[in-house]
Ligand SMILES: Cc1ncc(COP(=O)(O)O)c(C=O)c1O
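Before any questions on binding or motion, here is one chain by itself as structure tokens, the form predicted on its own.
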């Protein structure tokens, strides 16, 4: 048996044998640029193992990832953090736990709750908006006191601007109330390899998802589901196969294996150096730009991001950002960026002149939940302009990614202040539950 997935794919490609199996391209591409990728793109053939029932090279690879991260167990995902979130929430459903979550959640969380028919007790920020609201420990404790056991707390940390929650404090609070802590760490796969390990599992979380493709060298869709207790891995594998494709991409899985190998050897040093370079840039431009967030891979500027993004696209060497709106501009950094990449970013920061940020509206007060998430999310709907949507019930949430943070959730009655927030972020229409005639 081959020692790892990459070796298996290489050996299989070199055999040039008749491929009587999927996929239909048979290892051949019409594009020379994709030829190697097509050669390695296979399905669950003999010796390749099967992701959701792994007992060979994929099982060994997942164990290596868990060891690198220092966690009890890890499941690979070729379906991004979305699949990991679905599996985590399915586990909470099986344990009959009440879900407590701040409003700063990704639509993948909301859609999972719709599919699993999970009600959510929302925590609203003490200050700020949906993208970077500030939440107090007192608010989490009050929510835990108000629900009947068992419960779980679901966090998004880091958020899209790079703000990180105090996971240590919240995990201690969860233990006090016998609650589980789940963390959407999709934007923080690198945090285990900072000079001081800041990974959610190390800080006390029970489960978390990492999108390796967001800040680490992995193909889009590559993610990890980590758990504190390895004995639970069997349940997560079962949950992942409920939602995931029966044909997970071997190209994505190969990239996860290579990413793990990189983390074992030069990755930690590269992550530390990237964080240091980012900090030096922030210090150098602290008089010109206002920087937000405290995660080193998020280069977030408080400014009119739409204008700044356009300026950067029009440079001699254009720069495309991760996300921009009227109040922020976000570039996601990566430890594979070179000194030349940082030099280019520095030149762009010198060249551009940011317009002041517009102040985003505060998070609207809690809206009336007229239907359950599931009822509204799966209901027949119609699309209306915001001007005609007041007091209508929000249906399936349609928010672009990035940032994919719902302003209203399915089942809520749309208030005027909520519609004003949507307008600020450029939303023009909204899906509402179709009313019976």
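Positions refer to the first chain, counted from 1. Here the structure is a predicted model, which means the values were calculated and not measured.
One more form of this protein should be noted, the form predicted together with the ligand, which is absent from this view; the next part is about it.
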| Triplet 51, 239 and 244 all within 4.5 Å of the ligand in the predicted complex via a heavy atom | no
Exactly one listed stretch (169-177, 281-289, 152-160, 252-260) reaches within 4.5 angstroms of the ligand in the predicted complex by non-hydrogen atoms, and it is 152-160
Heavy atom of residue 85 within 4.5 Å of the ligand in the predicted complex:
yes
TODO: Evaluate residue 211 for contact with the ligand in the predicted complex, applying a 4.5 angstroms cut-off between non-hydrogen atoms, and reply yes or no.
DONE: yes
Point to revise | Partner contact for residue 324 in the predicted complex: the ligand, 4.5 angstroms, heavy atom | key: no
Exercise. Would residue 106 sit within 4.5 Å of the ligand in the predicted complex, counting heavy atoms only?
Worked result: yes
Partner-free chain; cross-checking the ligand in the predicted complex, the single residue of 296, 364, 79, 335 with a heavy atom within 4.5 Å is 79
Students should find that, of 181, 186, 71, 123, the residue having a non-hydrogen atom no more than 4.5 angstroms from the ligand in the predicted complex is 186
